[in-house]
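The chain that follows stands alone, in the form predicted alone, written as structure tokens.
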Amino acid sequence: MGVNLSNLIHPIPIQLKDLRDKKAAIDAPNVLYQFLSIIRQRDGTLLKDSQGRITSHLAGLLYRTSHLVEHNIKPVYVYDGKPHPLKKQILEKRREVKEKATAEWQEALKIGDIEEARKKAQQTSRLTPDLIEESKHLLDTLGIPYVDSLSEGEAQASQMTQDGNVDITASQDFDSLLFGSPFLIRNLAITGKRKLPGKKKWVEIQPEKIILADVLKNHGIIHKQLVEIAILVGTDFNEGIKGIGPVNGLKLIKKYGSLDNIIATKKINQDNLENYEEVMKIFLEPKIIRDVSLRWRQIDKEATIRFLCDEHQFSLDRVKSALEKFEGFSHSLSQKKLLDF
């Protein structure tokens, strides 16, 4: 879900070709949830193999990754580690939302409201440990690296971008900016035509670039103050203050200079700020792995086909078509090895 800073952010529309030769640290849970939400049958049912095992996440990962490498973008998927204890409350709320949506989905199916059924089904996505491990196995066969974070995947991806291990962080959430990523790309995993929820309208989705330095300069603040605004609005680790959105949060920070000074005035309801120092620490001093080694390998086509087609009944023709997009990417890897030699 992440923090809502949309009123303060003005993304720059770009095209995939603008990211050619870039290394991208992709928020893996973020994109896998997108695949589980979007890649469904008409009534909202997830794609499954003959044994009833979910395959929507694998389909999304295969076709999106093949699309990226076709543009010579080098993806690395970054997975979450152990969640911070302060995230427990938001995770519980998400679980309740999913349970409610599941009941409403079943009810819509009973009365034959397919449009409502699909809408509710998209809110029920659950990323289980088994689905995560299957996605990692697919990445192994594709020769695409992934990183297991100590805690928040977005924190790890953002640090990798700061350290120069990769060029950009890719996520739908603005949290990457709070973790200090200098370059954030949104919509990297969902480019193309998408249907608007609850409407009979399709829109073209394209990647967007957000530069942290520009955001700070445009509003005359520093990174720490952006984090303080987010805490006032509400993050995955605190509820925020009722009635304070991004614009009001910015005004308060600009007026008083810091969250400490705002609290000292006692002019706002401070019920949800008891852990604000710990939340600040989560964003400004995250638990991350500093020595990250990334290696893109040649695709193992036979292993990929065995896993997807033999084990999960994917269409052989469609899988082969996707794998063809790896040919130019694999060639570039071979050329690099020759140059290194």
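It should be emphasised that the depicted structure is a prediction, and the values quoted were computed from it without experimental measurement. Numbering starts at 1 and follows the sequence shown.
Beyond what is shown, the protein has a form predicted in complex with the DNA; the following relates to that form.
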Check your understanding: Can we say Thr128, Lys301 and Ile305 each have a non-hydrogen atom within 4.5 Å of the DNA in the model of the complex?
Key -> no
Revision key, fill the gap. The one option of Leu294, Leu284, Leu46, Ile289 with any heavy atom within 4.5 Å of the DNA in the model of the complex is Leu46
**Study point:** Segment assignment from 157-165, 102-110, 135-143, 182-190: heavy atom within 4.5 Å of the DNA in the model of the complex
**Key:** 182-190
Review point. Though only this chain appears here, would Phe314 touch the DNA in the model of the complex if you measure heavy atom gaps against 4.5 Å?
Key: yes
Check your understanding: Does the DNA come within 4.5 Å of any heavy atom of Gln41 in the model of the complex?
Key -> yes
Check your understanding: With a 4.5 Å heavy atom cut-off, would you call Tyr63 a contact of the DNA in the model of the complex?
Key -> yes
Check your understanding: Ser321: heavy atom within 4.5 Å of the DNA in the model of the complex?
Key -> yes
